[in-house]
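The form predicted on its own is given below as one chain in structure tokens.
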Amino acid sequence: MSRVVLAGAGEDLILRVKQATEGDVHVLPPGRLPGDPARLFEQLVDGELPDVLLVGPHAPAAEVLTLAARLDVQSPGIAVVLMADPSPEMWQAAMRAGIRDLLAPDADVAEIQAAVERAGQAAAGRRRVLRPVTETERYAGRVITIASPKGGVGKTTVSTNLAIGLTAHAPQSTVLVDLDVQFGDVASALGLLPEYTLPDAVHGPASEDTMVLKTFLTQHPSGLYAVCGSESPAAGDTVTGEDVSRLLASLAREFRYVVVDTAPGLSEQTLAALDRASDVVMLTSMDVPGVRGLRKEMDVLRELCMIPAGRHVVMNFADPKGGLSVRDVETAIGTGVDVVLPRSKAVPGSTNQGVPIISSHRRDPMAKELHRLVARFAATPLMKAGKYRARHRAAG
């Protein structure tokens, strides 16, 4: 029997639905139907998602259509059945919103039972397609962690631009995670006003079901999804390395690209992100302290066996007048530099406006180099994570 949630129903309809489902129905309290799926799920006492959302005629049609359209994108494994006047206009609107079936408000018990069974079967079929069925199919997404030992080297700028660039190659299948748990500013860099943040995504029902998790993401107009940083340092401190590992594993099952912006240094959360990474972008600025810091960080990660097969060294703020050459940097860190990002006057304005430079200043030399960085991921297959599995777990 499918799990059914009923909303917008009077006493008579509640009785008919209980008879049709043999009492296996969760009835939402009267009131306005939330337009946000996450708000809907918060009303479920046990946090378990339904197979079928049955909405009665007491809920305004416009609210139902809005919620159904969002569910169709964010939680396609839930089928919506609406009880409303089955006019041609309503049928057309319902189909556009992804509603599975339309019933007359006075439908009898047999009609309701048949509609619920059809919707439940459709929901189960979609979940089989959406979810991996074997352990070997897990973690198929590419987890790209941007790391640097020091702050102020442009991690968030690189992360947001890389994520926007990958979204152009994989619309609706790229997510950016702000893992600077205390002072993350991905939201401001993208001009977002998130309703939910990182602690919401790793605690509660979102941590237990990927379908719920997707409703806690913030969507950028480009089609990029984001897990934005916490509202306060205290809230960010509640996020553990284990939380991060679980979050990235869940996102990698749902998205082709998972881009992770980290805090400076090697915090517990950053180490967890590196442990899950298929690729790491090691970022440095073109100055002596930045280069020395990167060399030390690379030495530590090599000792911990935490440099994945997909390693990309990026040098930011390149300036021929700075006294260092690319060759000097390569000699100091003991490896080649893959992408050189020139210093650009357009970056501060781009950041302040919340519009990544890769979108707003496409002819800028830095934007062109950022496209080269994007191409390193968009044009190459996934390098399996875990070839150099973390030694720090055993050491701890």
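All residue numbers refer to positions in the sequence shown, first residue = 1. Since this is a predicted model, take the numbers as computed values, not measurements.
The same protein also has a form predicted in complex with a small molecule, omitted here; what follows describes it.
Among residues of the shown chain, Y196 is not one whose heavy atoms approach the small molecule to within 4.5 Å in the predicted bound form.
Using a 4.5 angstroms threshold between heavy atoms, H26 stays clear of the small molecule in the predicted bound form.
Proximity of T215 to the small molecule in the predicted bound form falls outside the 4.5 Å heavy atom cutoff. Although the partner is absent here, T156 lies within 4.5 Å of the small molecule in the predicted bound form, judged by heavy atoms. Look at 296-304, 82-90, 221-229, 312-320: in the predicted bound form, residues with non-hydrogen atoms within 4.5 angstroms of the small molecule sit in 312-320. Contact with the small molecule in the predicted bound form, judged by any heavy atom within 4.5 Å, is made by just one of G334, G31, P60, P348: P348. Only one of P171, G204, G151, P233 comes within 4.5 Å of the small molecule in the predicted bound form through a heavy atom, and that residue is G151.
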